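Shown here is one chain on its own, the form predicted on its own, set out as structure tokens.
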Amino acid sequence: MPKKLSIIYDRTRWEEKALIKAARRKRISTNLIDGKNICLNISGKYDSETYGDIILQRCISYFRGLHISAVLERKGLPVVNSFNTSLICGNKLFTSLALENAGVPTPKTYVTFTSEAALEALEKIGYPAVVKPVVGSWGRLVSPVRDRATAEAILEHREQMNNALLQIHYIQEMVERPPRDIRTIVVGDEVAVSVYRSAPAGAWRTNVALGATTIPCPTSSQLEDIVLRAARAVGGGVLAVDAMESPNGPVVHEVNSTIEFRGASTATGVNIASKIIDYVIKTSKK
């Protein structure tokens, strides 16, 4: 059992409270560190007195969490999820490349760097399609594109935004599927739980943050194989693998690193926080 677990966060959500509660129930000494106030001396020495024996990185801000993990791992401290896993999962293009390299079924995807090239890619992939930011969460700026006129309007808006990441156009085919997707929580080498996420009436995005509802989903052997391969492809850890039910079977469209699991835990009754703490303890012994 580790002497001390540090949880680095930048907002205390339901999930962080559940993790803290689970750790304390297991009598793990828990150190809470607000990532917004952290000050890291990159030439300094780090020991277990300050950061504990293992770190659970829970920052909502992708770039904040990523940079904190980079420093702490460089100093020899174990972090869950690792810097590399967080780096890949936080960028949709990097995730797609990792999944493709591992032979995990994914939607057809193009990436371009100008609006003109994006329109050419959309002609190749066919309408309707989906344009996404390479970095982002909760479905923000994910846009369905049903025709060229809509595409031109969306691309023009992105060009006007002073954001270099929005000049990278990540374009995916619109997969024919039921109005739901499947979120599977993977903890280490095991599937903790799978749930269907259904979009609210009149919507198409299935993010719980946008009002989607969750119900338990049976984890078939096919789904289990695909999501575990997806998890390994991005480096493993505590992950939420999102898949769609295409006519040819499940296709993985996203793997999330700093996961939210309130909906899945409530829908299934599975204590996901406890499983995560068990995994962190196990990892600290390696």
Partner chain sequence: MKCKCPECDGEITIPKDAVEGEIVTCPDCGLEYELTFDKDGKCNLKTAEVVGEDWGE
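Positions refer to the first chain, counted from 1. All values derive from a computational prediction rather than experimental measurement.
We do not show the form predicted in complex with its partner chain, though everything after this point is about it.
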property	result
Thr12 within 4.5 Å of its partner chain in the predicted complex, heavy atoms	yes
Contact flag, Ala70 vs its partner chain in the predicted complex, heavy atom cut 4.5 Å	no
4.5 angstroms heavy atom contact with its partner chain in the predicted complex for Lys45	no
Its partner chain contact in the predicted complex: Asn84, any heavy atom under 4.5 Å	no
Output flag, Glu100, Val193 and Tyr196 jointly within 4.5 Å of its partner chain in the predicted complex, heavy atom basis	no
Of Trp138, Tyr127, Phe94, Tyr110, the one that lies within 4.5 Å of its partner chain in the predicted complex (heavy atoms)	Trp138
Its partner chain in the predicted complex: contacting segment from 245 to 253, 49 to 57, 222 to 230, 62 to 70, heavy atom within 4.5 Å	62 to 70
Contacts with its partner chain in the predicted complex - residues in 243 to 282 whose heavy atoms fall within 4.5 Å	Asn256, Ser257, Thr258, Ile259, Glu260
